[in-house]
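Only one chain is included here, represented as structure tokens and corresponding to the form predicted on its own.
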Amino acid sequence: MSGVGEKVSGTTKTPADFLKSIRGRPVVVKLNSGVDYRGILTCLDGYMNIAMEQTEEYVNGQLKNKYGDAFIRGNNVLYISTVKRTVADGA
């Protein structure tokens, strides 16, 4: 058991590959506190520090605030997930 990556079509995809592939796309960042931030991932580093644009803050599933740009310190991040866009979102 390698525990490093997942085999996909004969190639190994690592978490770093995933993070590179979602740059510039809509994401959900869930914090250890339970708060969600949704926006466009613009940048992240090896410490999981995250820069986002068009960011919205959700607490208990309800929109609480909108930010133009946001910076999230990596040690607060529980996970990063991609957002599937729907027709209603304009995709």
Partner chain sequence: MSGEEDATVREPLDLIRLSLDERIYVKLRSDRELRGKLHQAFDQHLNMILGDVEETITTVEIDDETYEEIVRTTKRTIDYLFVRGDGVILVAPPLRTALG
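Computed from a prediction, not measured in an experiment: that's the story for all the values here. Residue numbers count along the first chain shown, from 1.
The protein also exists as the form predicted in complex with its partner chain; that form is not presented, and the subsequent description refers to it.
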Query raised in the report: Can you check whether residue 18 is within 4.5 Å of its partner chain in the predicted bound form, heavy atom basis?
Result: no
Query raised in the report: Even though its partner chain is not shown here, does residue 71 get within 4.5 Å of it in the predicted bound form, heavy atoms only?
Result: yes
Requested in this report: Report whether the minimum heavy atom distance between residue 23 and its partner chain in the predicted bound form is within 4.5 Å.
Outcome: yes
Requested in this report: Verify the contact flag for residue 75: yes if a non-hydrogen atom of it lies within 4.5 Å of a non-hydrogen atom of its partner chain in the predicted bound form, no if not.
Outcome: yes
Query - Sequence-ordered residues of 50-75 touching its partner chain in the predicted bound form, heavy atom within 4.5 Å - result: 50, 51, 57, 64, 65, 66, 67, 69, 70, 71, 72, 73, 75
